[in-house]
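Next up: a single chain in structure tokens, the form predicted on its own.
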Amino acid sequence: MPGRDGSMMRTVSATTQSLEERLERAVRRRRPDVESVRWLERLPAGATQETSVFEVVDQGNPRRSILRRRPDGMPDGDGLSRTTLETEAELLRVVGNSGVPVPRVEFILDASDAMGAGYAMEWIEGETIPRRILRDESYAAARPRLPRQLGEALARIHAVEIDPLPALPRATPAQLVEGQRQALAQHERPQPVLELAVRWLAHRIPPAQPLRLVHGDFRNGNLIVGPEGLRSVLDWELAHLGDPLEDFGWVCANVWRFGVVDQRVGGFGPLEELIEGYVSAGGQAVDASAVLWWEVLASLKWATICLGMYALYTSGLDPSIERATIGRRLSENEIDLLNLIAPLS
């Protein structure tokens, strides 16, 4: 089985061979004339879904695609308000038709494919690893363009008509705060900083706005970037209907700046440029001061996720080093929250 560099991988498990065979059948059911289907590799990204690369050769032309599927034995949906993969694929088709830069969905798996829930989508060349995007010379010209481009993409996302969308969760600001309160209540050990943040948010809940499509995980790391800038927006599993400013707060959270802390939007640039891009693409005017509430909520959400990861690790249910590493980042989020709601200067 060829790897990314074209070399033969040394070992192929029976499970992988079985999946490779099922994938070929799934492709040939829909495109019987293709010459060959080759499994290439599973990508390391993605904590809840498998993301793999395969190649289809048609009339002598090789073309890569992405398979996004639920791992064998894992139920679809995990209690974290994620959409099912079928819903995610349907959503991608709708937003793509609305001008949002997303990969084209090629087909959705069904029961006869015997591969579980999932779908195939086009491969888009580019970089997704945040530290490379923020530091490599290859993306030096892209970085100053990204805040405005991200604003334009958000404007298109928030302008998508609601009626054609598949069924999605709905969340008002008050419901989001209550969700964080309930998440904290599941942990016996007191969390003073997180509890302070919940109270701070609860006393400042913004007025409810007409619900719009919200990406839910719009950030550096869920973008495909080329030397010219943004190419695609990925990972729609947390999409829902809510307040558009939720996406603003999430992309501005310090955790997604990956060390470039003085650039508020994903480590790329200032909030003002994000807003300028948003308005230029038809988005409503955004009060920059209103983003602070959503940034606090974003930092709190990531903190409770870290807390949950640590609980999984200490319980023994998931003793992986990844869970422990994410869990120990709770202290970083506590500092972020204090800097946002109780700055020293």
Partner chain sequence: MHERPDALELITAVREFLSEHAMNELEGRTRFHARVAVNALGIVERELTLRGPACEREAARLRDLLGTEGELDEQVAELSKRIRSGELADDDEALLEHLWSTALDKLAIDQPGYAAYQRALEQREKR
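Predicted model, so just to flag it, every value in this text is computed and none were measured. The term rigid core refers to the most C-alpha atoms you can superpose between the two forms while keeping them within 1.5 Å. Residue numbers count along the first chain shown, from 1.
Below, we refer to the form predicted in complex with the partner chain, which is not included among the displayed structures.
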Checklist line | Stretch in contact in the predicted bound form with the partner chain, which is absent here, among 113-121, 88-96, 144-152, 200-208 (heavy atoms within 4.5 Å) | finding: 200-208
Check: From the list Gln175, Gln191, Thr84, Ser138, which entry has a heavy atom within 4.5 Å of the partner chain in the predicted bound form?
Finding: Gln191
Next item on the list: Although the partner chain is absent from this view, report whether Arg22 comes within 4.5 Å of it in the predicted bound form, heavy atoms only.
Entry: no
Notebook entry, point to check: Closest heavy atom of Glu161 to the partner chain in the predicted bound form, within 4.5 Å or not?
Noted result: no
Check: Quick one: does Asn254 come within 4.5 Å of the partner chain in the predicted bound form, counting heavy atoms only?
Finding: yes
Notebook entry, point to check: Taking heavy atoms only, is Val261 within 4.5 angstroms of the partner chain in the predicted bound form?
Noted result: yes
Notebook entry, point to check: When you measure heavy atoms, are Arg70, Leu312 and Ser315 every one within 4.5 angstroms of the partner chain in the predicted bound form?
Noted result: no
Note to self: Taking 2 Å as the cut-off, check whether the CA of Leu337 shifts that much or more between the shown form and the other one after a rigid core fit.
What the structure shows: no
